[in-house]
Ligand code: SIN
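Just the one chain here, laid out as structure tokens, in the form predicted on its own.
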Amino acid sequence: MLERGQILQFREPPFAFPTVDQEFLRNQEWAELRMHKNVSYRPGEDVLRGVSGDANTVERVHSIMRNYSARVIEFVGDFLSPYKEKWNLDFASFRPLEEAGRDLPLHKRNDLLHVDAFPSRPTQGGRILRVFTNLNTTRPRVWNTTENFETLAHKYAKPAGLQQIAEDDSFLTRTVQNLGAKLGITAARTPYDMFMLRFHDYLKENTALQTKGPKTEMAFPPSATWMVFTDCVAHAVMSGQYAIEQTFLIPPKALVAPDAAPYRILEGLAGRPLVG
């Protein structure tokens, strides 16, 4: 169900998350501590980014994010066991700012419908699974969603440039990328990755979709936790403050329903492989 675009919600976090840790995150002066859009934690490297200032505060935030990430990873490994130890662990992040009314450039706006794609971390057909928790004690985190990925792809993939990206992937480009990946220089960026970055931007640029397209509002109440593949569920964050999340990249070999993967849908439309 998750791989086919459903969102799974829990009324409370299905993993340990001490109240004192949640309160500490909410009670900081984030305007002074925040350096970036979000506070991020890289579990593979045990590195915290996006916080500066008082050393004791930074260390406490680091400890909270480390423990949070470890508990979510343990839970997902048990709950979604086909993925366990096959995933690539991505970042955890804490989002302390109110989403409504943020002044951001078009392509960075969270309140416009989009599918997720990471410029610095190509998935090569892998899926982006995210686990969110609303730490706000009084207000929901409000999302809009729209039609499923297959419907969006049939409507917008070709005008977004799918065919051009698929056909421009020359043998030489693919060879150089694959060689670099084997040498550990960089992850190869497949035509699928290139298109998904373009699709992310195209959907945000599409005024007709944003203003007139079908929308379903979802309000995640205080303490709710939800799981979703954000590469296939187009979403917009309309309001909410204090959300935390952990991201997993699920490789194609671990998928339970590979036919539902966005790369498979796009390959069907393009008439040629987009990963490999």
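Numbers follow the displayed sequence, beginning with 1. Bear in mind the structure is a predicted one, so any value in this text is a computation, not a measurement.
Quick note: we don't show the form predicted together with this ligand, though the next part is all about it.
- Only one of Asn88, Asn110, Gln164, Thr146 lies close to this ligand in the predicted complex, with a heavy atom inside 4.5 Å, and it is Asn110.
- The partner is absent here, but in the predicted complex a heavy atom of Arg130, alone among Lys155, Arg130, Arg198, Arg121, sits within 4.5 Å of this ligand.
- In summary, the region of this chain contacting this ligand in the predicted complex, judged by heavy atoms within 4.5 Å and restricted to 156-164, 135-143, 189-197, 71-79, corresponds to 135-143.
- In the predicted complex, this ligand sits within 4.5 Å of a heavy atom belonging to Val237.
- Remark: Asp116 counts among the residues lining this ligand in the predicted complex, judged by a heavy atom distance of 4.5 Å or less.
- Along 196-220, not one residue places a heavy atom within 4.5 Å of this ligand in the predicted complex.
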